[in-house]
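Okay, here we've got a single chain as structure tokens, the form predicted alone, with questions on binding and movement later.
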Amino acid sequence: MPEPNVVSWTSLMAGYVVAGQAGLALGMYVKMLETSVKPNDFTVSTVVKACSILAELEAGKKIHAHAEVMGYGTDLVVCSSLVCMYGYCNDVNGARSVFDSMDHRNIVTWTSMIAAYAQNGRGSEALEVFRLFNSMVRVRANDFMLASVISACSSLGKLVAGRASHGAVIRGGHEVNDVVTSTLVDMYGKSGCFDYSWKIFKRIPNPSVVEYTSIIVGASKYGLGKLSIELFEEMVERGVNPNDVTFVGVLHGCSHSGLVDEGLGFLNSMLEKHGVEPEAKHYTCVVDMYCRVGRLDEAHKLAKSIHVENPAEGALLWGTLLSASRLHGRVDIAQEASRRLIESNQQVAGAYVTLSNACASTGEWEIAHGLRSQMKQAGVVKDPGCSWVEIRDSTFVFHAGDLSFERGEDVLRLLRELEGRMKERGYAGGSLGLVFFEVEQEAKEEIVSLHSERLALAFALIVIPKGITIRVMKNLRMCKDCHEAFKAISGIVERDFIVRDVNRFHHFRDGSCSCGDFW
């Protein structure tokens, strides 16, 4: 073509984007700017989409500036593309800035904004935008928006909002959408309702790898290792190829159920049978698997043999080994794991705390105090542990030792009453899960009894009517002492509790836990 027009240029760019060659689309845009042909709004939105695919934030910002200069700064199509681009590039504030500047928004704009929040761990803001959408727009949410909203509910453990979103899915006829159903399976699993996850999954006629992976991960989080293996085998028999996340799920299930030989078999079959290259995250699952059955030397040997380029993945690997070495009193391994974490500037506070705990558990109080001093000198502060419960549509957050919340005195009174009743049954708590200081037994009992999960449980026992399962979420691993206390309390008050900690779910009933004390 001797003189391509704007339609020709834009069509070619769009073709490259659809063909998965977004880089060439960007190159064509640069060439187009060297001609006399002026881009239109569709040209700009197409090249912005290319930046989204490539996660090219800097290029996206330049095109955004160019769009403003050309007068497309308020164009609906261009702005919708920009919101999506900033979200994909993890610049949520940039996405919100464009979103707020728009006089008119379409369903794509709203969906992109909600997805940007949900994908970047800002679930509360995603739900707030969804509420705004429902109050301002008469159009029904589409499947992409609902999937993002349900994903936000998953990350927050908001069962009430998740159920409301499920209702919107049913009303809109989106139950056949793969992405929506997989997020529902994931949401109910992460909210302590694995039975619902299972019911939804069983209704899917031909589950995809996404849906199989969601249910396998959910089963693993509940310690249902054998079920996760059965699901994996069923998936393969039906001709659905597992991906890298599927293997993380099944390895996690083997780890939390003590199925070491089965887990090693899956690791060895990844590349040979399924063409999936094992990565650091898979080896980390195996390290965790060894640790949970007390085979720390094998775990240590494997950890040292793994080459990890990503600092975050390295932190997960050595953090796993550090936590296990503390529980098993292996200060030698804990020291190396802590050193690696501190040197890589990853999980520094946790490394100091866990190593100090390991030293304290073996009676090396002088070293433990020294580590505490090093933390102070280096200005390292550990993020506080917290737990939360959802009651109706409100979330109540609790921090260890903090009784400043409403009904704090009632909570303290109930905890003391329960402590007395537990001791009558032979419970000797208060000596586990402590950090840093050698204190008298009575003081230990007081500190542990005010851990955040116990405050959350006592509050829920007061507020939530009997007969309703209490669900507690926690941002750290549940300590052994609280685990024993929850078992005892479930038998005393004759109620079910479900606790989601950073590792898995615990379902307490009649004085026992679904994990079988293996977590």
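Residue numbers run from 1 along the displayed sequence. Here the structure is a predicted model, which means the values were calculated and not measured.
Form predicted in complex with the DNA: not shown, discussed below.
With the partner omitted from this view, the residue of 257, 165, 80, 387 that lies near the DNA in the predicted bound form is 80 [heavy atom within 4.5 Å]. Of the residues given (266, 130, 194, 88), 88 alone sits with a heavy atom within 4.5 Å of the DNA in the predicted bound form.
Listed stretches are 91 to 99, 122 to 130, 286 to 294, 268 to 276; the contact stretch with the DNA in the predicted bound form is 286 to 294, by a heavy atom cutoff of 4.5 Å. Three-residue candidate spot 14, 180 and 211; every residue lies within 4.5 angstroms of the DNA in the predicted bound form by at least one non-hydrogen atom. Taking non-hydrogen atoms only, residue 326 never approaches the DNA to within 4.5 angstroms in the predicted bound form. For the chain shown alone, residue 190 is a contact residue for the DNA in the predicted bound form, at least one non-hydrogen atom being within 4.5 angstroms.
Contact annotation: residue 84 falls within 4.5 Å of the DNA in the predicted bound form, judged by heavy atom distances.
Not displayed here, the DNA is approached by residue 41 to within 4.5 Å at the level of heavy atoms in the predicted bound form. Counting a residue when any of its non-hydrogen atoms is within 4.5 Å of the DNA in the predicted bound form, the hits in 136 to 163 run 142, 143, 144, 147, 148, 151.
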